[in-house]
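We begin with a single chain expressed as C-alpha cells, specifically the form predicted alone.
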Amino acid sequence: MTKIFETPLYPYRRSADQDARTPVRHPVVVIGAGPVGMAAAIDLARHDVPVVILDDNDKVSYGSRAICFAKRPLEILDRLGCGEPMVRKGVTWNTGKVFFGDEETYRFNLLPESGHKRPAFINLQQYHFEAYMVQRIRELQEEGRPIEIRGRNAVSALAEHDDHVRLEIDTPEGPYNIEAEWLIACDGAGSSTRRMLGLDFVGKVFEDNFLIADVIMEADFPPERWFWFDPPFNRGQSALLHKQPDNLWRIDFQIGWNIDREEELKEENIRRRLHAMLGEDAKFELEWTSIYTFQCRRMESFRKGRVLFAGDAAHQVSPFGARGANSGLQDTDNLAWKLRLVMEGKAPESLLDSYSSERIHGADENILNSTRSTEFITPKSEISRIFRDAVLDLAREHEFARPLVNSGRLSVPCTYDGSPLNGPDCPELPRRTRPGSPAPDAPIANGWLLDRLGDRFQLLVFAVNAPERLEDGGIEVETIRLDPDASPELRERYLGEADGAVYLMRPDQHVAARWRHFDEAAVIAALRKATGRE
C-alpha cells in the first residue's frame, strides 16, 4: 500500500510566472509547505489576500515528526476550516502518567474542567496533518480563493527592497524570478531564508540526544502520555510513549550526549531497545526513526523589513512539551490578521512589529519552560540528579511534590501580558480573561463560544446595552450579545461575580480590552490601540 508521505500531493507544474518577461509581483509569498506555512497561507486566502506557497518538496513530511497538537491550535484550525477532520482522525487524550523506575509516580489531567469543545491534545502524525491542510487549500481553490502551492520550487536567492523582496527560484525546468510585497519564511529550523539574510539564533543547545522510533504494532496501552524516569529498560535515562492513529506508537529513548549516531540508528540496535521495553516476544514494524538534540533558541527579531519569520524558522524548543508546531500555529494566528490590515491600508506597517514582540514573548515563555523541562529530564550534575530523584520519590505519596516533577511542561497558549496592543482592564472580572489572553471556550446557546469568535474585531456584551456594530478607520466591530447564564462555565470565565461586562476581542480570539460598562469612546480608543493607530 502506498503511504501518504510517498505520494506527491502538490506535484511540480509549470507556472505562468516562469514564462513572464519580467518578474511577477505577488502580494504574499510563503516559503515552506509545512503546518505553519500552510496555516499562514490558508488564513490569508480565506480573506482573499493572494498568496503563493513555495516548497522544495512535493510531498508531505516523511515520518510522524510533530504529533501532539494542543487545544489552542485545534481551536485555530477550527477557524481555518480544517480542525474537525484532524480531531476525528487523531487520538484524543487529556491524561498522562509519570513513572520512576517501573513504578507509577502519579497521573495528571490536562483538562479537568468541563465546558470545552476541544480536548487538551490530539496525537496525529504530521503527514496526516499536512495532508488535511493540502485538502483545505484545494477546497479554497475550488471556492475561487487566491491561493497556490508550488511543489519543487526551491528559493535559492533573495534580495530585499523597500517595497518588495525579489526571489530566485530553482525548479526541474530551470530557475525563474518573482517578487513578493511580503515574504513569510516558514522553512524550518534550518531556514535557508534566515541564512540568506545573514541572520541567526540566540540561545542554547543542550548536551543530550534522543532516539525517536515510530512503531507499528497492536498494543493495549491506553491513549495517554506515559513518561519514564530511569526505567529498567533504559537505566539512567528516560523514555516516552504516545499512541497515534493507525496502530502507530511514538517511542522516545534518551541516549546521552557522546554517542555514535550511525551505530544508534542501526535497525538491530533500535530493535534491541524496543524489545527491552516491550518484551522479547513483541511484534512490531519500524516506520520511521531519527535522533534529535535539544535546542532552545530564537531569532532576535521575527521581522526584517518585509520578511516575517514564523515557526521553527523563528524559534526552536525541545520537543518535550509539544511546543514546536503548536507555537508555530500561534505565530500565524497572530500574524495573519495584522498583515491583512496593513495590506488593506487600515493599520500602519508598525503593527507588524507587535507580531515580533508578542510572539517573542511567547517564544521566551516556551524556551523557559522547555529549558526547565530539559534540565529536570537530563540533570547535568550529581547534585541535580539527587534532587530530581528525591522529588520523584516524594511525588508518589505527597501531592505537594508533584508540581515539581517536570517531564515536559505541556503546551499552553500564551497570554500577551504587557503587549503594546492591550487596552484597559477591569480587575473585577476574572483574571484568566484579562487583556492579552486567548479567549477560553465555553458553552453558549446553540453551540460554542469560539465558533462565534474570530477573523474580525468583535464586542462580547454580557447584560449591557451596546450598539449592533461600530466602525472606525474602515475597521468594523461586530457586537455579539451573550446570555451570562447560558452556562456556568461562561459566567465563571467571563463574569465571575460581576453582573455585566464588555469585551473587545481581536481577530485572533485574544482579548484586547474589557470593561464593566459600555463606553463608545473607550472602545474606539482601545480599537485604535489594538491596531497600532493610537
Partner chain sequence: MTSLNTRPNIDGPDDFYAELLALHEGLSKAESDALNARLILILANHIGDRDVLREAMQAAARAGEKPASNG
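Numbering follows the first chain given and starts at 1. Bear in mind that the values here come from a model prediction, so they are computed numbers and not experimental data.
This next part talks about the form predicted in complex with its partner chain, which is not shown.
The closest non-hydrogen atom of Phe387 lies within 4.5 Å of its partner chain in the predicted complex. In the predicted complex, Val391 approaches its partner chain with a heavy atom inside 4.5 Å. In the predicted complex, Met343 stays away from its partner chain, with no heavy atom inside 4.5 Å. Proximity of Val464 to its partner chain in the predicted complex: non-hydrogen atoms within 4.5 Å are absent; the residue sits far from the partner. Site annotation in the predicted complex: the residue of Leu404, Ile360, Met217, Met277 reaching within 4.5 Å of its partner chain with a heavy atom is Leu404.
The chain is drawn here without its partner chain; in the predicted complex, the stretch among 413 to 421, 396 to 404, 240 to 248, 330 to 338 whose residues come within 4.5 Å of it by any heavy atom is 396 to 404.
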